[in-house]
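In structure tokens, one chain follows: the form predicted alone.
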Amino acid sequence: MRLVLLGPPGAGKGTHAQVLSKDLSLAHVSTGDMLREALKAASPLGLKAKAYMEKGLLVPDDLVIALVKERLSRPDARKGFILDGFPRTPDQAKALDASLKELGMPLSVVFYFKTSLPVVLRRLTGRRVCGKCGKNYHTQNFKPKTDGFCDVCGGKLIQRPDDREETIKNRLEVYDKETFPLIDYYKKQRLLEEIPGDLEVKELNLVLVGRLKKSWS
């Protein structure tokens, strides 16, 4: 089973990718994690990406595609994978299709988490991260044992600049402009399954599992 999870920031893609990855023994391929891993390993592709990131520039599509292809070539991904945070544009989707065709690993299904603005704002503005170890919390859904401090290392919890309301609205504008056209792209391929992203984690997981069983049958 090879999945892509689409949806706006705050739709819950990362959360459900982790849950499904564990439950179904699928490789969770997050572009953010992948870039961090490549940088840490100082791989040739990672060093190229670092040169762009240090200048505050976006990593070019061809380099991201090369990193994704390299990651999907590993044994764990050959058994199945979940792509989280990629592709972001139709051009990236076309490049991904070409890479997957080369690997003989076509996509099984693309889940689109259709999520409303109020829910996105509630989820993202409530998000907090440990400034020391990076563990995520939420003011409503996942509170620390001691308010304002990490359960794991005791570090102070902070709100990231991109989780403030004004920034979130800007991120959603970028999403609508660049990423939303992917919905139509995958619809035309008859791969798209729309998921009610406003549901809470447990309810949404049940919907996802039900859709996957349907796809497998």
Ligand code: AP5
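No experiment lies behind these values; they were computed from the predicted model shown. Sequential numbering from 1, following the sequence displayed. Here the rigid core means the biggest group of C-alpha atoms that line up within 1.5 Å when the two forms are laid on top of each other.
Only in words, not in the display: the form predicted in complex with the named molecule, which the text now covers.
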field: residue 209 within 4.5 Å of the named molecule in the model of the complex, heavy atoms
entry: no
message: Can you work out whether residue 204 and the named molecule are in contact in the model of the complex, taking contact to mean some heavy atom pair no more than 4.5 Å apart?
response: yes
message: When the contact criterion is heavy atoms within 4.5 Å, does residue 35 count as touching the named molecule in the model of the complex?
response: yes
message: Does any part of residue 112 reach within 4.5 Å of the named molecule in the model of the complex? Heavy atoms only, please.
response: no
field: Contacting member of 152, 53, 47, 158, with respect to the named molecule in the model of the complex [4.5 Å, heavy atom]
entry: 53
query: Since exactly one of 73, 108, 116, 141 fits, which has a heavy atom within 4.5 Å of the named molecule in the model of the complex?
result: 141
task: Can you tell me which bits of 159 to 180 touch the named molecule in the model of the complex, meaning any heavy atom within 4.5 Å?
output: 160, 162, 171
task: Using a rigid core alignment, state whether the CA of residue 109 is displaced by 2 Å or more between the shown form and the other one.
output: no
query: Is there a C-alpha shift of 2 Å or more at residue 73 between the shown form and the other one once the rigid core is superposed?
result: no
message: Could you check, with the core superposed, whether the Cα atom of residue 129 shifts 2 Å or more between the shown form and the other one?
response: yes
Cα distance between residue 45 and residue 75, which in the model of the complex differs by 3 Å or more from this form, closer or farther: farther
- line: Checked in the model of the complex: CA of residue 209 to CA of residue 136 differs by 3 Å or more, atoms lying closer
